[in-house]
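The chain below stands alone, shown as structure tokens; this is the form predicted alone.
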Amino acid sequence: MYRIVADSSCDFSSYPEIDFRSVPLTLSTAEREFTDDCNLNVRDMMDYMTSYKGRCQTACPSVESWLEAFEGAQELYVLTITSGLSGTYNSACLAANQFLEDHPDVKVRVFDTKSTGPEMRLLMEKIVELKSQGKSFTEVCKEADAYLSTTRLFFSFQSLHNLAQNGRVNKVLASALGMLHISILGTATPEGVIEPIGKSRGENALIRSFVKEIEKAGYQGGKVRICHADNEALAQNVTSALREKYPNLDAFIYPAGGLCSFYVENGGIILGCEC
């Protein structure tokens, strides 16, 4: 009776054994447009974006695409990328209000996750868990909100080019870091914007910084979800470092989808965790 709908920054287009729909964002240049869905060849897109010298842009899903994903559901949990980076949350809210006008008996909750990727996945897993326990719509919304306040998101960037091109970080800083071959560690603030919190030269230093910053945020061995942009080795090494301290670690690693790959760029990873 319930359906989870998320925009494509959640990194996947299907979810085992539940009614799930993904609504794609689009990424474009003056020459090409990429739809972030199950048909996207992320490797091809990233190779093109790396060589392209102009500006790359992202666009949120249309109201119509949300409405199509809502149709037929009686209870809807809608998850969007942070409103601090995208208009996707506003688009989803407009669609939800319109849908409720035509379907007043349907229950709809739109979550501005203030996040993306792995942290969205954690929230999705929590909603599935709560529904499996027989929780009501009101109970799920309340407990999901509480859970989202206990999860965090961290990033590792080897390049800030795309973020700089889209006005998310300083272009001079992005250019300097690229020339110095420094990796940047960042986090999502409570407002859902990207905040650099450290820099490292070399993978071992980066892994140590990851563990240090996660624990500083209150991590004590909860779930970890990591997506990577063509750098599974780094994701595995961060997981191994955490597992040395937390042997019962529940971790899952997977390739980033189009939107997350675009922002974190080649070699980057995004980590969501329970704190």
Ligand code: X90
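In this text, residue numbers run from 1 along the sequence as written. Just so it is clear, the structure is predicted and the values come from calculations on it, not from any experiment.
Just so you know, the form predicted together with ligand X90 exists too; it's not on screen, but the next bit is about it.
Contact with ligand X90 in the predicted complex, defined as a heavy atom within 4.5 Å, holds for exactly one of V128, C93, V140, L85, namely L85. For the residues I184, L153, L76, M120, the 4.5 Å heavy atom test against ligand X90 in the predicted complex is passed only by L153. Taking the partner from elsewhere, T58 is found to have a heavy atom lying within 4.5 Å of ligand X90 in the predicted complex. Ligand X90 in the predicted complex comes within 4.5 Å of a heavy atom belonging to A188.
Interface residue remark: L259 is counted as part of the site for ligand X90 in the predicted complex, having a heavy atom within 4.5 Å. Within 4.5 Å of any heavy atom of ligand X90 in the predicted complex lies no heavy atom of K107. Of the stretches 58-66, 240-248, 214-222, 33-41, only 58-66 has residues with a heavy atom within 4.5 Å of ligand X90 in the predicted complex. Looking at ligand X90 in the predicted complex, residues F210, I226 and C273 place no heavy atom within 4.5 Å of it.
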